[in-house]
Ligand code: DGL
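Next comes just one chain, in structure tokens: the form predicted on its own.
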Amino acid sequence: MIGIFDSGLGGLTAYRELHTLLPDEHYVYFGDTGRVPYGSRSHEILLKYTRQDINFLISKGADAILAACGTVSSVVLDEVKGEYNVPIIGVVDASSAEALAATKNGIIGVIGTGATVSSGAFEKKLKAGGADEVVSVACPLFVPLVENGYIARDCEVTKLVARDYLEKIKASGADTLILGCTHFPIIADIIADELPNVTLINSGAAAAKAVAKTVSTAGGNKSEFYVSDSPVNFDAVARIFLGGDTVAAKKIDIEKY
């Protein structure tokens, strides 16, 4: 069984990719919708949330876990994953490797939450891999915009925010951009419109590929979805991400874990 967790809806991009790669696997997804966003949280709170999320997935029987959250992967995952006896994979390593393979001019952009950008995790990994320049921009408004459904390609609100955030990336001449939060691929078309000649790296999809190569699955052909707040809004928006599929998420008390 593969467990996936994120602060909310964004990790569905990773789930969708994994389900395509391993359609007969048993999945348990947890979206921490009651405590989103993670990107503005302190280190101590992120440690608490991450441990609780992992503990919940293990309690459901997960024997491999994807941390489909750029903030968790960048800030606390290395500190936490050694506490568990199951493989826990984040989004930094895989997406950095894809970006390094894709870039032609050595200039790579990274967008993520404030915590992700402040951690410097992507920059460190990319520089170690040979990138000439890394341009990082925090995009804190993207997460609540996505969580509240402002995701249409012609959404003027999100387009204006994207134009402002991506100005520095455009000016840098970067030819590759890591979407360092798994919420961001949901508005990838808006981002691509602002950066038409830039290769976008979906961090969730990259991590999903890494998980698929790592785990030895037992099958199950089942997917379960859990949230920490009312599932109504989650279910409605999830259908958009998953091509109309109904997920029927259940609410849990994450503070028990």
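From 1 onward, residues are counted along the sequence shown. Because the structure is a prediction, the values reported are computed rather than measured.
Only in words, not in the display: the form predicted together with D-glutamic acid (DGL), which the text now covers.
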- [ ] Select, from the options 130 to 138, 80 to 88, 96 to 104, 179 to 187, the stretch whose residues sit within 4.5 angstroms of D-glutamic acid (DGL) in the predicted bound form by heavy atom distance.
- [x] 179 to 187
TODO: Determine whether any heavy atom of residue 174 comes within 4.5 Å of a heavy atom of D-glutamic acid (DGL) in the predicted bound form, and answer yes or no.
DONE: no
Task: Contact test in the predicted bound form: residue 36 vs D-glutamic acid (DGL), heavy atoms, 4.5 Å - done: yes
TODO: Check whether residue 76 has any heavy atom within 4.5 Å of a heavy atom of D-glutamic acid (DGL) in the predicted bound form, and answer yes or no.
DONE: no
Task: 4.5 Å heavy atom contact, residue 143 and D-glutamic acid (DGL) in the predicted bound form - done: yes
TODO: Taking only heavy atoms into account, state which residues of 46 to 80 are within 4.5 Å of D-glutamic acid (DGL) in the predicted bound form, ordered by sequence.
DONE: 69, 70, 71
